[in-house]
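In structure tokens, one chain follows: the form predicted on its own.
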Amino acid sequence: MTPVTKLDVEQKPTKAGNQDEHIYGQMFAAILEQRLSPGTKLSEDVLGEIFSVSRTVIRKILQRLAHEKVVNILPNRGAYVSEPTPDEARDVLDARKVVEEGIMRRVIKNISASDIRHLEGMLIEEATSIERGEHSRWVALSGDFHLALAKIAGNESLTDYLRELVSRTSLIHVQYQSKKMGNQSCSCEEHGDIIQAIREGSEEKAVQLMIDHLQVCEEQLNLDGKEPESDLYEIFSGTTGSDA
């Protein structure tokens, strides 16, 4: 599991409210970017030392994260990064399909030229992170792409709910990612296809591309507890002699 002490801590704001938001943002990002693994203990004392704040401040932030279902607070045991069950994982992924279908339909109605340029800029950042092998940054940017679409949709409640679902999805991927991981560049290309459908104003196409994209993400997970069967052709391809 990723130690809590690896949190990236920036200079602290002076105002209490801004300070709380800063710490919350750092912890949320560490979960979203998969730097905090499911089951990691979130010690109030350690976090208080890292961020130079009281346990009371940390406790309030942990309670906020627990409300968003990315942290579990257990009586007499403390706080831990949530460990979604397979059923919870399926529920989250199904909820994302429903929510993001609604978001896409609103995006088609609200999109502007500047919005499209912004999404295209995000796509370039995604591709760059993949080329550089920056997995954590790619994970964060991929989530940000979906949240940017929610913002364009113009429904604050949908955006808040999707933010929770995206962070929970990140935990799900850490816990259930299949050994046969999907190609990150393919996911980036799928985002590009979605942008193109939005540019064309094709609502049904954009919705279907988003649903397909989320389905591919789900298929990369090992939610049934079974390891995929080995492909003998893939394993031994190129290893046999010409006389075999």
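Just count from 1 along the sequence shown to find any residue number. Being a predicted model, the structure only gives us computed values, none of them experimental.
FYI, the form predicted together with the DNA isn't displayed, but the following is about it.
For E200, no non-hydrogen atom is located within 4.5 Å of the DNA in the model of the complex, even though that partner is not displayed.
Although the partner is absent from this view, R59 contacts the DNA in the model of the complex, with a non-hydrogen atom inside 4.5 angstroms. When contacts are judged by a 4.5 Å heavy atom cut-off, R77 counts as touching the DNA in the model of the complex.
In the model of the complex, the DNA sits within 4.5 Å of a heavy atom of D45. In plain terms, the part of the chain that comes close to the DNA in the model of the complex, with a heavy atom within 4.5 Å, is 69-77 out of 87-95, 69-77, 110-118, 160-168. Out of the listed residues L32, L214, C188, V53, V53 is the one that sits within 4.5 Å of the DNA in the model of the complex by at least one heavy atom.
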